[in-house]
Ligand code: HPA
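Okay, so here's just one chain, in structure tokens, the form predicted on its own.
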């Protein structure tokens, strides 16, 4: 089945983990294809999430100037166009990009402006989510969420927490998410990936997000499943990445099919196009091969994502109409 031509929505996509070799070579011509494959792309099986994340610095080290940031944004939009993504929410941690003199506010401004220009150029609709990281301090988390507030009304659309959920507790970030809740900032949060349902429960209680990044280990707790359905919590599922960090032995063991069948709102995402070496088209094909999923399954996942996106009601309706038309044509 050909999934490439179908329109797609991607809500869980890390900018600094999705650099093509073309943009890497443009920024640093000394990096060979062999070095790129070794340093930027993780093996099919990593020991765990922390092992997987060792490749992430390779990306953000090349994203420390305004020009580098613009190049990486443009590069990602080229990838999205090739994958027929019609709406994307792109996330990154601005405090990872201040090591050569840029201020965090300037980093966000450059990425926001580059995103707006790429939208105008390609017709792909998109928003940007700013991430704090698990190992950040309380002050760093507050600085990041306040940047979301400062850029209200632009292409900056939400707040997230990422990085190694198993290695760091939530305490440094509770106040930032409380601020986000009070300011009515859209929130998602990585949870239920490197840790089990207990990570989901504490995230829902203390962060109050409308979406969860990954959340695939919620399958281990039937009560949690009911909570997700009751509160319409959307799971941003990244199947290949979950297998890669060894949460599941293979895609056939992945919980996404059961979550879908039990009525949880799930969407399909790549997470890190470079580190996982995947596209959404490949993700769809792999799920088709593993579970026999058809256009109807992917339509439902995309409609779920449209409904859960951090965009306007008008754009959600437009996306849903386009999806219905394309998948049922």
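Positions refer to the first chain, counted from 1. Bear in mind that the values here come from a model prediction, so they are computed numbers and not experimental data.
The same protein has a further form, the form predicted in complex with hypoxanthine, not shown here; the description that follows concerns it.
- Among 163, 102, 185, 225, the residue placing a heavy atom within 4.5 Å of hypoxanthine in the model of the complex is 163.
- With the partner removed from view, the residue among 46, 53, 62, 303 that has a non-hydrogen atom within 4.5 Å of hypoxanthine in the model of the complex turns out to be 53.
- The three residues 17, 190 and 214 all sit with a heavy atom within 4.5 Å of hypoxanthine in the model of the complex.
- Across the options 139 to 147, 216 to 224, 254 to 262, 155 to 163, residues that bring heavy atoms within 4.5 Å of hypoxanthine in the model of the complex belong to 155 to 163.
- Although the partner is absent from this view, residue 241 contacts hypoxanthine in the model of the complex, with a non-hydrogen atom inside 4.5 angstroms.
- Using a 4.5 Å cut-off on any heavy atom, the one residue of 268 to 307 that reaches hypoxanthine in the model of the complex is 271.
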